[in-house]
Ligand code: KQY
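Have a look below at one chain only, the form predicted on its own, in C-alpha coordinates format.
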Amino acid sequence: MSQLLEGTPKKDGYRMPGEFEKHTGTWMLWPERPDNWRLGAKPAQKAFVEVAKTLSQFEPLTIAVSQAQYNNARNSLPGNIRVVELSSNDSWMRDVGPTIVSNGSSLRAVDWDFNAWGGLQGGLYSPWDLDDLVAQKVTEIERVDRYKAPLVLEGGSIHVDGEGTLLTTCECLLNKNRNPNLTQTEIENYLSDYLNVSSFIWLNRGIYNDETNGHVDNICCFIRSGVVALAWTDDKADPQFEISQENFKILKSAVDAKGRKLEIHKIHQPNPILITKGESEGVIVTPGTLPRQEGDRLAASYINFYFCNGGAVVPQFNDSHDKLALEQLQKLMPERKVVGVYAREILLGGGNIHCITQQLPGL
(Lines give C-alpha, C1' and ligand atoms only; values in the text may rest on other atoms or scores of the structure.)
Protein backbone atom coordinates (compact mmCIF):
# COMPACT_ATOMS: atom_id res chain seq x y z
CA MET A 1 0.00 0.00 0.00
CA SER A 2 1.28 3.47 -0.91
CA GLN A 3 -0.36 6.50 0.65
CA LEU A 4 -0.35 10.08 -0.64
CA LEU A 5 1.11 12.15 2.19
CA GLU A 6 0.42 15.65 3.40
CA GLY A 7 3.29 17.92 4.48
CA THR A 8 6.85 17.76 3.10
CA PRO A 9 9.90 15.52 3.55
CA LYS A 10 11.80 18.33 5.27
CA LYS A 11 9.08 18.82 7.90
CA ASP A 12 8.90 15.06 8.43
CA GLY A 13 12.67 14.62 8.83
CA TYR A 14 13.44 12.98 5.48
CA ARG A 15 16.31 13.85 3.12
CA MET A 16 17.49 12.80 -0.31
CA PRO A 17 20.66 10.72 0.17
CA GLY A 18 23.61 11.07 -2.19
CA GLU A 19 23.59 8.50 -4.97
CA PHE A 20 26.94 7.24 -3.73
CA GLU A 21 25.31 6.12 -0.45
CA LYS A 22 24.03 2.56 0.03
CA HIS A 23 21.17 1.36 -2.20
CA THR A 24 18.31 -1.06 -1.62
CA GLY A 25 18.12 -1.50 -5.38
CA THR A 26 17.66 0.11 -8.79
CA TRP A 27 14.81 0.61 -11.26
CA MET A 28 14.97 0.85 -15.07
CA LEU A 29 12.45 1.06 -17.94
CA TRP A 30 12.56 -0.99 -21.16
CA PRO A 31 12.98 0.93 -24.47
CA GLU A 32 10.66 0.28 -27.39
CA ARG A 33 9.34 3.39 -29.15
CA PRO A 34 10.50 3.36 -32.80
CA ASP A 35 10.38 7.16 -33.20
CA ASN A 36 13.21 7.54 -30.68
CA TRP A 37 15.12 4.24 -30.86
CA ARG A 38 16.34 2.99 -34.23
CA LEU A 39 15.35 -0.31 -35.82
CA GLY A 40 12.42 -0.88 -33.51
CA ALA A 41 14.66 -0.32 -30.46
CA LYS A 42 16.42 -3.68 -30.92
CA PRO A 43 19.98 -2.23 -30.71
CA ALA A 44 18.95 -0.09 -27.71
CA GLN A 45 17.43 -3.10 -25.97
CA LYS A 46 20.73 -4.95 -26.30
CA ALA A 47 22.54 -1.99 -24.73
CA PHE A 48 20.00 -1.82 -21.89
CA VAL A 49 20.51 -5.55 -21.30
CA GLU A 50 24.28 -5.05 -20.99
CA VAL A 51 23.77 -2.23 -18.49
CA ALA A 52 21.26 -4.37 -16.59
CA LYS A 53 23.53 -7.41 -16.47
CA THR A 54 26.41 -5.30 -15.17
CA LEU A 55 24.36 -3.38 -12.65
CA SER A 56 22.60 -6.49 -11.28
CA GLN A 57 25.95 -7.94 -10.24
CA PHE A 58 26.10 -5.20 -7.60
CA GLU A 59 22.51 -4.80 -6.35
CA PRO A 60 18.88 -5.87 -6.93
CA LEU A 61 17.42 -4.53 -10.18
CA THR A 62 13.84 -4.15 -11.38
CA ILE A 63 12.98 -3.42 -15.02
CA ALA A 64 9.51 -2.13 -15.90
CA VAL A 65 8.21 -3.10 -19.34
CA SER A 66 5.03 -2.74 -21.39
CA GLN A 67 2.61 -5.60 -21.91
CA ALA A 68 3.65 -5.90 -25.56
CA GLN A 69 7.35 -6.18 -24.70
CA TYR A 70 7.09 -8.30 -21.54
CA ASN A 71 8.08 -11.64 -23.07
CA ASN A 72 10.88 -10.06 -25.10
CA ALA A 73 12.35 -8.34 -22.02
CA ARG A 74 11.92 -11.35 -19.73
CA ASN A 75 13.62 -13.66 -22.24
CA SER A 76 16.44 -11.16 -22.85
CA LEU A 77 17.32 -10.61 -19.19
CA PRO A 78 18.94 -12.89 -16.59
CA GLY A 79 16.67 -14.48 -14.00
CA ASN A 80 18.13 -12.45 -11.13
CA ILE A 81 16.52 -9.30 -12.57
CA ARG A 82 12.90 -8.63 -11.61
CA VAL A 83 10.70 -7.75 -14.60
CA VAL A 84 7.33 -6.08 -13.96
CA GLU A 85 4.63 -4.95 -16.36
CA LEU A 86 4.21 -1.18 -16.27
CA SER A 87 3.25 1.15 -19.12
CA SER A 88 5.27 4.26 -19.99
CA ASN A 89 5.86 6.58 -22.94
CA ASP A 90 9.63 5.98 -23.08
CA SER A 91 12.44 4.60 -20.95
CA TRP A 92 14.06 7.41 -18.94
CA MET A 93 13.55 6.19 -15.38
CA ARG A 94 15.86 8.85 -13.94
CA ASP A 95 13.53 11.58 -15.13
CA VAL A 96 10.10 10.01 -14.72
CA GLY A 97 10.68 7.81 -11.67
CA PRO A 98 10.27 8.83 -8.04
CA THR A 99 12.98 10.57 -6.04
CA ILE A 100 13.34 8.50 -2.87
CA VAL A 101 14.01 10.20 0.45
CA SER A 102 15.00 8.60 3.74
CA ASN A 103 14.95 9.28 7.49
CA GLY A 104 17.37 6.43 8.20
CA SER A 105 14.69 3.93 9.17
CA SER A 106 12.09 4.24 6.39
CA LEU A 107 11.79 5.44 2.80
CA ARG A 108 9.32 7.81 1.19
CA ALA A 109 9.02 9.10 -2.38
CA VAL A 110 8.75 12.48 -4.07
CA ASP A 111 6.56 12.43 -7.17
CA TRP A 112 7.38 15.40 -9.42
CA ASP A 113 5.36 16.68 -12.36
CA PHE A 114 6.78 15.54 -15.71
CA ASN A 115 6.23 17.32 -19.05
CA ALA A 116 8.66 15.50 -21.40
CA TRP A 117 11.47 18.06 -20.99
CA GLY A 118 9.51 21.15 -21.94
CA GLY A 119 5.89 20.30 -22.71
CA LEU A 120 4.57 22.07 -25.78
CA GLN A 121 7.48 24.56 -25.68
CA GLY A 122 10.35 22.35 -26.79
CA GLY A 123 9.35 19.03 -25.22
CA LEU A 124 10.68 15.88 -26.87
CA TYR A 125 7.44 13.98 -27.42
CA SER A 126 3.72 14.05 -26.79
CA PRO A 127 1.77 12.65 -25.03
CA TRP A 128 3.69 12.02 -21.81
CA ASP A 129 0.74 11.00 -19.62
CA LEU A 130 1.99 7.46 -19.01
CA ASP A 131 5.44 8.71 -18.01
CA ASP A 132 3.85 11.10 -15.52
CA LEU A 133 2.29 8.08 -13.74
CA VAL A 134 5.49 6.00 -13.51
CA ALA A 135 6.61 7.48 -10.17
CA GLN A 136 3.28 6.67 -8.53
CA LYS A 137 3.29 3.12 -9.94
CA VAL A 138 6.82 2.45 -8.67
CA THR A 139 5.84 3.62 -5.18
CA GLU A 140 2.82 1.27 -5.26
CA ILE A 141 5.00 -1.71 -6.17
CA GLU A 142 7.63 -0.81 -3.56
CA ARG A 143 4.96 0.03 -0.92
CA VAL A 144 6.52 3.43 -0.33
CA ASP A 145 4.37 6.41 0.70
CA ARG A 146 4.73 9.46 -1.52
CA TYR A 147 4.58 13.23 -1.53
CA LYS A 148 3.26 15.01 -4.64
CA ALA A 149 5.52 17.99 -5.32
CA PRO A 150 4.01 20.99 -7.17
CA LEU A 151 7.02 21.35 -9.44
CA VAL A 152 7.95 20.20 -12.95
CA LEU A 153 11.29 18.47 -12.46
CA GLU A 154 13.30 15.56 -13.87
CA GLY A 155 15.63 13.51 -11.71
CA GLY A 156 18.52 14.13 -14.09
CA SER A 157 18.35 17.87 -13.45
CA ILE A 158 19.61 17.55 -9.86
CA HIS A 159 22.50 15.98 -7.94
CA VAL A 160 22.79 16.08 -4.13
CA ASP A 161 25.58 15.32 -1.68
CA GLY A 162 23.22 13.95 1.00
CA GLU A 163 24.40 16.64 3.41
CA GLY A 164 22.28 19.55 2.27
CA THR A 165 23.91 20.61 -1.02
CA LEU A 166 22.23 20.49 -4.43
CA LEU A 167 23.82 20.87 -7.87
CA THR A 168 21.73 21.98 -10.86
CA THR A 169 21.84 24.21 -13.94
CA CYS A 170 20.12 27.49 -14.76
CA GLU A 171 19.70 26.27 -18.34
CA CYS A 172 17.29 23.58 -17.17
CA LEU A 173 15.57 24.52 -13.91
CA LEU A 174 15.10 28.18 -14.84
CA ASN A 175 13.91 27.36 -18.35
CA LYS A 176 10.48 28.87 -19.02
CA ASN A 177 9.27 25.55 -20.41
CA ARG A 178 9.38 23.95 -16.94
CA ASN A 179 7.99 26.28 -14.23
CA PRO A 180 7.39 29.64 -15.95
CA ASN A 181 5.49 31.17 -13.02
CA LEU A 182 8.18 30.45 -10.41
CA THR A 183 11.23 32.53 -9.51
CA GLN A 184 14.62 30.99 -8.75
CA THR A 185 13.98 31.59 -5.03
CA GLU A 186 10.60 29.86 -5.21
CA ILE A 187 12.14 26.88 -6.99
CA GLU A 188 14.84 26.70 -4.32
CA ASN A 189 12.17 26.77 -1.62
CA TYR A 190 10.42 23.76 -3.19
CA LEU A 191 13.70 21.89 -3.53
CA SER A 192 14.47 22.67 0.10
CA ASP A 193 11.08 21.42 1.25
CA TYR A 194 11.04 18.22 -0.81
CA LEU A 195 14.72 17.19 -0.74
CA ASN A 196 15.80 18.75 2.58
CA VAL A 197 18.66 20.75 1.06
CA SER A 198 19.86 24.18 2.15
CA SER A 199 22.70 25.10 -0.22
CA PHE A 200 22.38 25.48 -4.01
CA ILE A 201 25.13 25.48 -6.62
CA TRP A 202 23.75 26.78 -9.90
CA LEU A 203 25.91 25.94 -12.89
CA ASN A 204 25.01 27.96 -15.96
CA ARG A 205 24.78 25.36 -18.71
CA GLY A 206 25.00 21.62 -19.27
CA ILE A 207 26.69 19.63 -22.03
CA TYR A 208 26.61 21.30 -25.45
CA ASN A 209 23.52 20.39 -27.49
CA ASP A 210 21.91 18.41 -24.66
CA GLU A 211 18.25 18.07 -25.64
CA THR A 212 17.18 17.95 -21.97
CA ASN A 213 18.05 21.67 -21.70
CA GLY A 214 21.29 20.96 -19.88
CA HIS A 215 20.67 18.32 -17.23
CA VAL A 216 23.34 18.51 -14.54
CA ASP A 217 23.80 14.72 -14.47
CA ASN A 218 25.53 14.92 -17.83
CA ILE A 219 28.08 17.58 -16.87
CA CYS A 220 28.80 17.45 -13.13
CA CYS A 221 28.18 15.07 -10.23
CA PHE A 222 29.16 14.48 -6.63
CA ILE A 223 31.69 11.66 -6.25
CA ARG A 224 31.19 11.99 -2.50
CA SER A 225 30.45 14.90 -0.18
CA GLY A 226 32.80 17.78 -1.01
CA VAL A 227 34.12 16.15 -4.21
CA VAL A 228 32.75 16.69 -7.73
CA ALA A 229 33.60 15.48 -11.23
CA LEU A 230 33.15 17.90 -14.13
CA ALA A 231 32.96 17.13 -17.86
CA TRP A 232 35.87 18.83 -19.59
CA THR A 233 37.57 19.51 -22.89
CA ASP A 234 40.91 21.11 -23.72
CA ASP A 235 39.79 21.93 -27.26
CA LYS A 236 39.25 25.69 -27.39
CA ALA A 237 37.40 25.37 -30.71
CA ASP A 238 34.78 23.09 -29.16
CA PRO A 239 31.60 24.88 -27.94
CA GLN A 240 31.88 22.75 -24.82
CA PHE A 241 35.14 24.48 -23.84
CA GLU A 242 33.50 27.75 -22.81
CA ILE A 243 30.70 25.94 -20.96
CA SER A 244 33.09 23.80 -18.92
CA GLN A 245 35.38 26.75 -18.15
CA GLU A 246 32.40 28.78 -16.93
CA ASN A 247 31.17 25.96 -14.70
CA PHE A 248 34.65 25.34 -13.31
CA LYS A 249 34.82 28.96 -12.14
CA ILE A 250 31.41 28.63 -10.46
CA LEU A 251 32.48 25.43 -8.69
CA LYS A 252 35.79 26.98 -7.60
CA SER A 253 34.01 29.80 -5.83
CA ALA A 254 31.24 27.65 -4.35
CA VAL A 255 30.95 26.25 -0.84
CA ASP A 256 28.70 23.38 0.16
CA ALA A 257 26.14 23.24 2.98
CA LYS A 258 28.92 22.35 5.43
CA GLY A 259 30.93 25.42 4.40
CA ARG A 260 33.55 23.41 2.51
CA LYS A 261 35.25 24.41 -0.73
CA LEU A 262 34.79 21.75 -3.38
CA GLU A 263 37.48 19.40 -4.66
CA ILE A 264 37.00 19.43 -8.46
CA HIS A 265 38.15 16.70 -10.86
CA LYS A 266 38.05 17.24 -14.64
CA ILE A 267 36.97 14.25 -16.74
CA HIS A 268 37.73 14.85 -20.41
CA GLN A 269 34.72 14.23 -22.64
CA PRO A 270 34.85 11.91 -25.67
CA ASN A 271 35.51 13.38 -29.08
CA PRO A 272 32.37 14.81 -30.73
CA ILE A 273 29.95 12.00 -31.62
CA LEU A 274 27.67 12.60 -34.61
CA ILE A 275 24.62 10.66 -35.77
CA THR A 276 25.38 8.63 -38.90
CA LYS A 277 23.15 8.35 -41.96
CA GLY A 278 22.23 4.76 -41.09
CA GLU A 279 21.41 5.64 -37.51
CA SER A 280 19.19 8.51 -38.62
CA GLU A 281 17.35 6.44 -41.20
CA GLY A 282 16.61 3.72 -38.65
CA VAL A 283 14.36 6.03 -36.60
CA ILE A 284 10.72 6.45 -37.62
CA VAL A 285 9.78 10.14 -37.80
CA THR A 286 6.47 11.05 -36.15
CA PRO A 287 4.84 14.47 -35.52
CA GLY A 288 5.80 16.11 -32.22
CA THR A 289 8.86 13.92 -31.64
CA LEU A 290 12.42 15.21 -31.91
CA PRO A 291 13.93 13.83 -35.16
CA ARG A 292 17.31 12.08 -35.22
CA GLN A 293 19.11 13.73 -38.13
CA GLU A 294 22.38 12.76 -39.77
CA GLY A 295 25.27 14.92 -38.53
CA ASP A 296 23.58 16.02 -35.31
CA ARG A 297 26.01 16.12 -32.39
CA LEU A 298 25.11 13.94 -29.43
CA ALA A 299 25.63 15.07 -25.83
CA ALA A 300 28.22 12.44 -24.92
CA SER A 301 29.79 12.52 -21.46
CA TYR A 302 31.44 10.12 -19.01
CA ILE A 303 29.79 11.97 -16.10
CA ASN A 304 26.51 10.23 -16.95
CA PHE A 305 27.49 7.11 -14.98
CA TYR A 306 25.59 5.29 -12.27
CA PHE A 307 26.68 4.50 -8.72
CA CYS A 308 25.67 1.10 -7.34
CA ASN A 309 26.64 -0.84 -4.22
CA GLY A 310 30.39 -1.37 -4.51
CA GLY A 311 30.47 -0.33 -8.15
CA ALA A 312 29.98 2.31 -10.82
CA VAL A 313 28.71 1.69 -14.37
CA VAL A 314 30.31 4.13 -16.82
CA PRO A 315 29.35 4.77 -20.49
CA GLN A 316 31.94 3.95 -23.14
CA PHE A 317 31.96 5.09 -26.77
CA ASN A 318 34.88 3.29 -28.47
CA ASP A 319 36.64 6.62 -28.11
CA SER A 320 40.28 7.44 -27.40
CA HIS A 321 39.26 9.00 -24.06
CA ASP A 322 37.35 5.93 -22.78
CA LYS A 323 40.27 4.29 -21.00
CA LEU A 324 41.44 7.46 -19.26
CA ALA A 325 37.93 8.24 -18.01
CA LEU A 326 37.64 4.77 -16.47
CA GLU A 327 41.09 5.09 -14.88
CA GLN A 328 40.31 8.54 -13.46
CA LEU A 329 36.98 7.45 -12.01
CA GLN A 330 38.50 4.28 -10.57
CA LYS A 331 41.19 6.37 -8.86
CA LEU A 332 38.50 8.71 -7.47
CA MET A 333 36.48 5.75 -6.17
CA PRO A 334 38.96 3.13 -4.95
CA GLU A 335 36.25 1.53 -2.82
CA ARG A 336 34.24 0.66 -5.97
CA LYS A 337 34.70 -1.52 -9.02
CA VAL A 338 34.38 0.85 -11.98
CA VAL A 339 32.98 -0.96 -15.03
CA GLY A 340 32.55 0.41 -18.56
CA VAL A 341 29.61 -0.50 -20.82
CA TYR A 342 29.43 0.46 -24.50
CA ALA A 343 26.56 2.94 -24.61
CA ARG A 344 26.33 4.57 -28.05
CA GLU A 345 22.86 3.12 -28.62
CA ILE A 346 21.60 4.71 -25.39
CA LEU A 347 23.21 8.02 -26.35
CA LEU A 348 21.40 7.91 -29.70
CA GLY A 349 18.12 8.05 -27.78
CA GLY A 350 19.13 11.27 -26.03
CA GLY A 351 20.68 10.20 -22.72
CA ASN A 352 22.93 7.65 -21.10
CA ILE A 353 23.40 5.18 -18.24
CA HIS A 354 22.51 7.59 -15.45
CA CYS A 355 19.41 8.70 -17.37
CA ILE A 356 17.99 5.16 -17.58
CA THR A 357 18.47 4.28 -13.89
CA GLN A 358 16.94 5.39 -10.59
CA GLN A 359 18.10 4.32 -7.16
CA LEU A 360 16.19 3.16 -4.10
CA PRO A 361 18.36 4.30 -1.16
CA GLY A 362 19.34 1.82 1.52
CA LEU A 363 18.41 1.87 5.18
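These numbers come from a predicted model, not from an experiment. Each residue number is its position in the shown sequence, starting from 1.
There is another form of this protein, the form predicted in complex with this ligand, and it is not shown here; the text below is about that form.
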(request) Spell it out for me: taking this ligand in the predicted complex, does every residue among 108, 142 and 361 have a heavy atom no farther than 4.5 Å from it? (result) no
(message) Contact with this ligand in the predicted complex for residue 350, defined as at least one heavy atom pair within 4.5 Å: yes or no?
(response) yes
(message) Considering non-hydrogen atoms and a 4.5 Å limit, does this ligand approach residue 355 in the predicted complex?
(response) yes
(message) If we define contact as a non-hydrogen atom of the residue within 4.5 angstroms of the partner, is residue 146 a contact of this ligand in the predicted complex?
(response) no
(request) Report whether the minimum heavy atom distance between residue 211 and this ligand in the predicted complex is within 4.5 Å. (result) yes
(request) Within 4.5 Å of this ligand in the predicted complex, counting heavy atoms only, one of 180 to 188, 267 to 275, 211 to 219, 234 to 242 shows up; tell me which. (result) 211 to 219
(message) To verify the annotation, which of these, 250, 174, 284, 124, has a non-hydrogen atom within 4.5 Å of this ligand in the predicted complex?
(response) 124
(message) Just to be sure I understand the contacts: of 62, 56, 36, 45, which is the one whose heavy atoms reach within 4.5 angstroms of this ligand in the predicted complex?
(response) 36
(message) Under the 4.5 Å heavy atom criterion, name the residues of 179 to 206 that approach this ligand in the predicted complex, in sequence order.
(response) none
